[in-house]
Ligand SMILES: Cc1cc2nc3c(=O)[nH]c(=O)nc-3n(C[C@H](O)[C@H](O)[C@H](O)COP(=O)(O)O)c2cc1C
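Just one chain is shown here, as structure tokens, and it is the form predicted alone.
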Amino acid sequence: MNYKKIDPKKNDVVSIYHLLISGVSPRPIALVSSLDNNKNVNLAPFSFYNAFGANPPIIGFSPALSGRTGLPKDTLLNIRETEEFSVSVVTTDIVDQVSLSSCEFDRNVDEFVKSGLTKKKLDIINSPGVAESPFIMECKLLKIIELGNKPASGNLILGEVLMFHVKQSVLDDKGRIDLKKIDQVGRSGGPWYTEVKNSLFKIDKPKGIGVGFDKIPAFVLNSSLRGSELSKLANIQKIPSQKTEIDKIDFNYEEFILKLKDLINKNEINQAWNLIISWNSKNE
């Protein structure tokens, strides 16, 4: 397979930015609320964002310097001043309003007012949360790591979560977040977003250690099975010793692979391995 090689040092910032936002996708969105020393509120979304630890709970996001002027954004200035911020999750219901809040309003303009979103008073910090969001985190600044000091350079802001606010309506009967109820939105390249609940799929991983691809016989490994199908065979903790009755195996190799594929796609992995062992025994 051929790859196009792109050297960041030989390309313009806009091209590299679009490579990142399209290639590193989808990304969670942090809707960040902050205050300056005069209690002016700022609200802005950031998709260079994630969680980085649970004890203590640490999240981080990166407001880039302006690509045109190289100047810091209001969020960065505010957090440098007050050392606090809140992060609210973005859902399908509010994503259009969140997009509006991303406009480059003057620093004294309240994006809550412009976007029609509602301030929620929080318990510990002064920066409000977004009342329409089902998941809000109150954070204190831990560290700001400057990543370039050039136009479009990032500034990684790390914060410790002091308090979580989770709406009861998005919790399951065990008190955990139901990923379909919370209805998060992810960011992709350009104007594109992803509705998380509509893109969910499940992979059952063994509690122990999977046997690995190196334990799959070559006559299966080099077949037409896809990597995703082979990985289900490799993820099993222990290869079963049971065999299918050999006298029942009266089909050729192509039919064997089709039967194996069918068992794998039905998640009948023990039976798939039994078929492999039996085929191997018959054809040794």
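Numbering starts at 1 and runs along the sequence shown. As the structure is a computational prediction, the values presented were derived from the model and not from experiment.
Just so it is clear, the following notes concern the form predicted together with the named molecule, a form of the same protein that is not shown.
Q: Pick from 142-150, 70-78, 170-178, 114-122: which stretch has a heavy atom within 4.5 Å of the named molecule in the model of the complex?
A: Looking at the other structure, the answer is 70-78.
Q: Could you tell me which one of Ile249, Ala64, Leu35, Val220 places a heavy atom within 4.5 Å of the named molecule in the model of the complex?
A: When the named molecule is considered in the model of the complex, the option within 4.5 Å is Ala64.
Q: With the distance limit set at 4.5 angstroms and only heavy atoms considered, check whether Ile58, Met137 and His165 all reach the named molecule in the model of the complex.
A: No.
Q: Residue-level question: is Leu233 within 4.5 Å of the named molecule in the model of the complex, judged on heavy atoms?
A: Taking the distances in the model of the complex, the answer for Leu233 is no, it never comes within 4.5 Å of the named molecule.
Q: Is Phe48 close enough to the named molecule in the model of the complex to count, meaning some heavy atom within 4.5 Å?
A: Yes, Phe48 sits close enough to the named molecule in the model of the complex that at least one of its heavy atoms falls within 4.5 Å.
Q: Indicate whether the named molecule has at least one heavy atom within 4.5 Å of a heavy atom of Glu104 in the model of the complex.
A: Glu104: contacts the named molecule in the model of the complex.
Q: Listed by sequence position, which residues of 18-32 have a non-hydrogen atom within 4.5 angstroms of the named molecule in the model of the complex?
A: The stretch 18-32, when checked against the named molecule in the model of the complex, contributes only Ile29 at the 4.5 Å heavy-atom cut-off.
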